[in-house]
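Just the one chain here, the form predicted on its own, laid out as structure tokens.
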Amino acid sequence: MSASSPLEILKERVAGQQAVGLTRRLVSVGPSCGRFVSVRGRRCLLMASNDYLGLAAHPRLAQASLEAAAACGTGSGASRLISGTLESHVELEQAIARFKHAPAALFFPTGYMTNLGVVSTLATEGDLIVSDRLNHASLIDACRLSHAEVKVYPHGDVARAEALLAQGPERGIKLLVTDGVFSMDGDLAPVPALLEAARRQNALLVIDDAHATGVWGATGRGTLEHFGLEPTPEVVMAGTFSKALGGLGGFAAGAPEVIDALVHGARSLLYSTAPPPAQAAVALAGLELVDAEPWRRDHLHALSALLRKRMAEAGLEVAGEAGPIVPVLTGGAQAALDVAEGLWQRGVFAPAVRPPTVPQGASRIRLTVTAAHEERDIEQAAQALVEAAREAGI
């Protein structure tokens, strides 16, 4: 019997995923990035974007990008430690530190690369990482790359997290790692209790605030502000500009010792070409708009509450208690696909979320609300979802 070729093996693996309802496709949503997009030739209301504040189409961000590209070119030309650190990077990092009330900050090309760099630099061989079971894939990958010992605690279980931290080395670094807002369920981490646990166990608390920055807190500073906390030396904040802030790129903010360690050792920063001037300019403009247009955050939370109310009235199971991530649970992967298809037929685009993104039996339609939506959009999405769910037998 001859051995299968690598291409045949790959084809078999994909076929195996397709057989259990886990087919993946890249779906074009057309040229626009606003409320409505074109999906398979149909105009659809977009209910699947993380552009929470509706800034991705803001004219100020577009203008900032154009001006920066015209003045400074379209690329940085080198990594940060060679000749790639531009004035715009320095200005942005100062603005990030002010925004997050932190002593120092560092700008990365993407949020994913931020998490890889932060976790794998701060904890290495001989150290301990304690990580929430539902953390984002970028944090999971970062733990693997660190070569540190990794222990996983049940989602949100602070007591178990502290017990695992207590098993860490006396002279090594201990990291307690969590999402601020969990992207698939939309729930917030118990940050105050995690911070106390980190303090008692002499650990650093790393919070990925990707889905909280711009959205949560009285002024959009994220989960710490939401819980009435100020950054302290043992807290490392990570985040992204690709969601509520309307751009691209990631950041870490924290103590000067943390930022200095990242400059010396974060491979995702050191060995990647620095972000172009336009990307930094858009990020800076996004930060400024969080303060300049606070109505966006208020509008977002009002619409989110309305959608959750409509889902509850229909008797649908929704994860999380508040916020713009509104996951409607379907159970099986095929049921999620059926509901997503029903939504598309009714002019709403919100694709099915299935394993491995979520656990087996926890497939869902992950609706997301943005400040660009109007109340009538929410009513349309709610009616379409209820009809599609009933049609799918949910």
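A residue's number is simply how far along the shown sequence it sits, counting from 1. All values derive from a computational prediction rather than experimental measurement.
Missing here is the form predicted together with a small molecule; even so, the following discussion is about that form.
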- Answer with yes or no whether T232 is in contact with the small molecule in the predicted complex, where contact means some heavy atom within 4.5 Å. no
- Message: So, T110 and the small molecule: in the predicted complex, are they within 4.5 Å at any heavy atom pair?
- Response: yes
- Item | is_contact(H136, the small molecule) in the predicted complex, heavy atom dist at most 4.5 Å | yes
- Task: Report yes if any heavy atom of S183 sits within 4.5 Å of a heavy atom of the small molecule in the predicted complex; otherwise report no.
- Result: yes
- Task: Among 99 to 107, 136 to 144, 264 to 272, 72 to 80, mark the stretch whose residues have heavy atoms within 4.5 Å of the small molecule in the predicted complex.
- Result: 136 to 144
- Pick from S120, S304, S242, S131: which residue has any heavy atom within 4.5 angstroms of the small molecule in the predicted complex? S242
